[in-house]
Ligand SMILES: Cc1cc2nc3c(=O)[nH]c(=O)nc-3n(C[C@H](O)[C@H](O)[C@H](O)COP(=O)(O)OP(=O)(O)OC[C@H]3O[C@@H](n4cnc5c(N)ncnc54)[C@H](O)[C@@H]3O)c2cc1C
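Before any questions on binding or motion, here is one chain by itself as structure tokens, the form predicted on its own.
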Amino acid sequence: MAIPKAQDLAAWAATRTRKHLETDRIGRLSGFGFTKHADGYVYRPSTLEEAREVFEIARSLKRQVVLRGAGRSYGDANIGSECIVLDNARMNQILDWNPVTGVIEAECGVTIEDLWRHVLEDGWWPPVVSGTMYPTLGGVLAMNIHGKNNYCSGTFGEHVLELEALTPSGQILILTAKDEAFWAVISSAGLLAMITRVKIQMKKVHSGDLRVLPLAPANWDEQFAIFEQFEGIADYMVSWIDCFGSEKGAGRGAFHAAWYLDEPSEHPRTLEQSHQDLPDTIMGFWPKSMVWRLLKKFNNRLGMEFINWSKYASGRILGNGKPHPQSLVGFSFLLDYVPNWRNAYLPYGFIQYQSFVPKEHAKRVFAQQIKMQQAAGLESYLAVLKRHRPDKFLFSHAVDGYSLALDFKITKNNWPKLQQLCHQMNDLVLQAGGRFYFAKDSTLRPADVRAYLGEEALATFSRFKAQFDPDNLLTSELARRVKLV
């Protein structure tokens, strides 16, 4: 069903006197992994005042509200059954840009792609990016995303100079890092206030390329040794893990370190958008929009075991230890190389499970997680290892350690068994003092959340919830599942 455009304020105000919401606003929405769906009443305001009016409608009709950006959270953090869905996509104006200082001011619906396209030709780049360029700033900050440079640059929220947020009670908050609420609203999974405007410090760059060094570690020991080797000198680090590797090959994969480049030219060609745009075809003729159909044929245990082995074997032979240039977009947004790649997981979708473990326990915990998957016959088809540092945001997922992100295909019959596996992995992570990330979650239990966030953080959240959202309007299926509201 088509989602209608935002109406004018007079029409919206008239709905306050109605006993029911318009049925033509009903839309079935899902998280990015296609595993959770919910029907909601979708509103897409284009101004702050229209967003405020949505909250007024919700309060008058006693409906809860779910905040939604680009829908890139994998599970159920951006959907809510029978809720009003406040979609920020039309609040997408860049309000101010200073190419001298690198400070940009933008509305919540501006995407990471909008940011880099606006600033790169002036020699700037977003300080932290996720693996895809499509999330909106509202969602980016609600989840406080991290990237491949988290260990040295922190989360996105650490580069925010000022934000404006609209509370469900109608209050406008102007927050900076000096305010306690700044550290709570950012990371709160959209449960305290709607971030409407943000001012961010961009990263100065002199080239649109990075120098990338690929290596092919053969096991867990080599993986962690390489991360430690490059931690103090590389601008980015990331490693793919083959979850089908076992015994001496357990933990094998493909590691990449990357560095910013300096170019003497005042306006190097690499800063142009044409240099950054991802190609539409493979080998110059095969449309990438069709690649997911081929991936779908291999999207089973046997096929993915072969693909993972091939990727590792080719990495050992081709380019191992040989630096090469790669565009910022090409290196940063691997998830965007194949359009609609997630369709390869249809009809039942997939989940991503990401855990964050202190460095002294990470190798043991991640190795055990892979063994548990193999024993259950539920190997992750894609696994990514990253290095992290802690931060002081209220719902922080970060630790002084590492994260392992795991993609699991859902089939007609494996969901109960996969949930059990995830719960067992949760227990292992919590015993090691680890944490989790709401943007990636589909399986956390209420006790897991209380254990990793801690009673002090939850008490602080409750205090701000009572202050900013006394009618408990803001919710989500995730918040209901883990009993945050």
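Start at 1 and count along the sequence shown; that's the residue number. Bear in mind that the values here come from a model prediction, so they are computed numbers and not experimental data.
Note that the form predicted in complex with the ligand isn't included here; everything after this is about it.
- The chain is drawn here without the ligand; in the predicted complex, the stretch among 69 to 77, 242 to 250, 365 to 373, 168 to 176 whose residues come within 4.5 Å of it by any heavy atom is 69 to 77.
- The ligand is not drawn, but in the predicted complex it has a heavy atom within 4.5 Å of L335.
- Under a 4.5 angstroms non-hydrogen atom cutoff, the ligand in the predicted complex has S130 among its neighbouring residues.
- The ligand is not drawn, but in the predicted complex it has no heavy atom within 4.5 Å of R44.
- In the predicted complex, none of the heavy atoms of H256 sits within 4.5 Å of a heavy atom of the ligand.
- For the options Y348, F331, W341, W309, the one in contact with the ligand in the predicted complex, meaning a heavy atom within 4.5 Å, is W341.
- Residues A189, G190, A193, M194, I195 are the members of 187 to 202 with a non-hydrogen atom no more than 4.5 angstroms from the ligand in the predicted complex.
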